[in-house]
Ligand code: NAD
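So this first bit is one chain, no partners, the form predicted alone, shown in structure tokens.
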Amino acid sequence: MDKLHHFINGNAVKLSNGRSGPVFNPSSGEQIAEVPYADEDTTNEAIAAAKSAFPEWASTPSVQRARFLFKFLELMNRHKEEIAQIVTREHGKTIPDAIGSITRGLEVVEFACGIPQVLKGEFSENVGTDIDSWSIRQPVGICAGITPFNFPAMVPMWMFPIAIACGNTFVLKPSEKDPSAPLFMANLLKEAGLPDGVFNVINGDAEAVTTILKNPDIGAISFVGSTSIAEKIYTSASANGKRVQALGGAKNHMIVMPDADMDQASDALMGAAFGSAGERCMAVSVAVAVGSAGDEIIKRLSPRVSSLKVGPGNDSQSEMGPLITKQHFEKVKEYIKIGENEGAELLVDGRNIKLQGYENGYFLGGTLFDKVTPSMRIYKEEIFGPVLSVVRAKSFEEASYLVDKHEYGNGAAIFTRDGDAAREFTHRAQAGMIGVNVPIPVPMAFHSFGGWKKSIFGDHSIHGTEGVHFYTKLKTVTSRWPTGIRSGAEYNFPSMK
């Protein structure tokens, strides 16, 4: 069994003061590692290391900071498949899915490598007589990231590359369920030559998080997780004077219009609903079928969901792996039971799956409900599993209303050949990320990722230009050099004459 560690000031630190937790292989159900849980002292030690490293790192020219990231990018590409194996072993997602997620994370590293261009300010000459004005962006200080289990490599890379490129130092608290990938990346950053203390990893639970939230040296916190925790993170950190971006849950809808390419739409729903066992904040968990699209899409989906190839993530034949933990496995099964009791039509029941040799794994097959209504819990709540609900709508207006009125607003998509419907949907949909004939509209790294409503707390989305703005403070300078002619003190409110 692996004995994991923290990564503080460039070194592996195994202190846990007796507190630790198990890491499981979800395909077999066996414990494969033990991870130490940082207490308040250990967490503050990591923050102190980041604080000590900050002044020199902040004064390092941005082009030099970018060179460390170029080297890190090179090392990550060299070890991409190895990291994917680590992700699959602890999370359960398939190897191709793991590689794809790492690639999306590396796109943010690529963006961060161009930080000298992005950090350029604005300059205005002669805003007043012999007076110039310009703006610059400077680092916030010590930043922290609290990241979820579903993307143990990608989501941290949506945070720390931009933060450290902007001149900040960083403390990462990854999920204790699958912490090995972040530790691997920490070692690659050290190999890339990143100065000690600039990037630190602490493992743990609520005690580590609480310490981060209240430590006065932390200037900014990035979080991705459930809405209930996101709101608590935002409230607590903001009350302690920190800037916060806290991304929460989702219930992403995909509208299927009658004129859509039904084969394309069913392909999209299969991948978006059941990829990564539905454990994605951008998973499509609700298909809103308009008019005749309902019967057409069900006719295509039912046999495909039934024949979904479920197995260990490292099996090349697997299309979907297990859920992350036994507790979550039981939770998703309970939602299926709730859907039955609420009167939804259960067309495919994923609870019936049995895998020989993997009886102790957390495997759940694809599940398909039809005739789900907005009053049902399986419609209203985030299940975070391989459960797709089909809601019937009579019109585009009714379908759009469902998207707009749901409490979550992470992403939404429409499948149609009608340009007018697509344009109207992109304009009015109350969600932060919109797809037109694209089921999972995750923006590229040079744009920004973030939802609306209860899917986000805070003013800034993650990565892209929004990320740069989050991890920097704006400073505007107004300057006039003396000419040798003095007119005396001015007591009125200054104006540009």
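Residue numbers run from 1 along the displayed sequence. If you're wondering where the values come from, they're calculated on a predicted model, not measured in any experiment.
From this point on, the text means the form predicted together with the ligand, which you will not see here.
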Where, among 97-105, 175-183, 253-261, 236-244, do residues come within 4.5 Å of the ligand in the predicted bound form by heavy atom distance? 175-183
Does the ligand get within 4.5 angstroms of any non-hydrogen atom of Y471 in the predicted bound form? no
4.5 angstroms heavy atom contact with the ligand in the predicted bound form for N200: no
Is T88 close enough to the ligand in the predicted bound form to count, meaning some heavy atom within 4.5 Å? no
My question is simply whether C281 lines the interface with the ligand in the predicted bound form - judged by any non-hydrogen atom within 4.5 Å. yes
Y335, G366 and I440 all contacting the ligand in the predicted bound form, non-hydrogen atom within 4.5 Å: no
The listed residue (P148, G275, G294, G167) that reaches within 4.5 Å of the ligand in the predicted bound form by any heavy atom is P148
The ligand isn't shown here, but in the predicted bound form which of T42, S448, S455, S27 has a heavy atom within 4.5 Å of it? S455
Counting only non-hydrogen atoms and a 4.5 Å cut-off, give the residues of 338-371 close to the ligand in the predicted bound form. none
